[in-house]
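Next up: just one chain, as structure tokens, the form predicted on its own.
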Amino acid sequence: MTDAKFLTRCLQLANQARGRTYPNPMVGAVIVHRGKIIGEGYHKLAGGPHAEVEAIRSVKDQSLLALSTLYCSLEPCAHHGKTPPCCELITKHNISRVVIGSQDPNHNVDGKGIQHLRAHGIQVDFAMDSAPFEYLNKEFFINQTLLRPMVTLKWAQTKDGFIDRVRSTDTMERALQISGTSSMLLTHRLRSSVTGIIISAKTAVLDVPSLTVRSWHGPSPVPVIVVGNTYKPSISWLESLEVSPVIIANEPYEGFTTVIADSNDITFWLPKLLEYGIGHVLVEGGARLLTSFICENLDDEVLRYTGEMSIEKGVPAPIYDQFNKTTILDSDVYEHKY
């Protein structure tokens, strides 16, 4: 139970850097001497000191380190990157015991840190349940093990199961406003936590969206526009976007980053987004694109808002029934699969 308490503190510390460490994981570290925390730290920014370094530096009496336990939410690194290996710093200070939340899936680490520590006589123990620590860095684990971005699907639907009216470029009607203010705020918070936002060219043409974080703080994600044969986003709209987009199309878009691919071949072009620093994508529409991701089992996280209105006919919402949490947001039913 004592180990669990200090590992929980590691999770709390790591979470303080959410959204600032990509492509690195969020990591928290705590140093404990005789049941008391004497140092703690977390990885604050990609390229900056790791959590273990911050924690060791924060200990006022460095002579206590050899008599202390280091708790870390993720296996300490054993390779030279932008910073030296944390394992070497730990052994340098003769820390006698290290407790790890989960093993690091990065091929440069992946057990090498544990091996290094044990080879230097350090006792290494693990959390009884690694799930909370893996969930903390779900994006990182997916990037490393599946070699693609994490995928979050999100849509709002009417009470009778439609995502929108049937619209065309002839009328250019505004999209149906289904969800309420709280749902909109949650969506913008979600946008601030991902690195890419995917929409179809049809959604781009009909909605002319800004794809920004407007009602929350944080950076706007990179727009990813999936272009098929029917709808083509205008150059003026692409140029108006706050963040320069990545376009998925079967021909180059001059002046814009383009991934040449069949728009329907998601498993081909999705992994390529990692090359542009996009490790977590939010798919916002339209219905056909969302359904395509579901059919490919690319549903790492799913959010669905169901509003009060009924419209009797329209564009059918994606069919999905794997939610594990349901709450009420104002008048909306909010369902979450994570």
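Quick note: we count residues from 1 along the sequence shown, nothing fancier. Because the structure is a prediction, the values reported are computed rather than measured.
What comes next is about the form predicted together with a small molecule, which does not appear here.
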Location of the small molecule contact in the predicted bound form, chosen stretch of 272-280, 298-306, 62-70, 24-32 [non-hydrogen atom, 4.5 Å]
24-32
Using a 4.5 Å cut on heavy atoms, which of F162, F140, W155, F133 is close to the small molecule in the predicted bound form?
F140
Here the chain is shown alone; which of A204, L117, C77, I197 has a heavy atom within 4.5 Å of the small molecule in the predicted bound form?
C77
With the partner left out here, check for me: in the predicted bound form, does some heavy atom of S183 sit within 4.5 Å of the small molecule?
no
Should G81 be classed as touching the small molecule in the predicted bound form when contacts are defined as heavy atoms within 4.5 Å?
yes
Does N106 make contact with the small molecule in the predicted bound form, using a 4.5 Å heavy atom cut-off?
yes
Find out whether any non-hydrogen atom of A51 is located within 4.5 angstroms of the small molecule in the predicted bound form, and reply yes or no.
yes
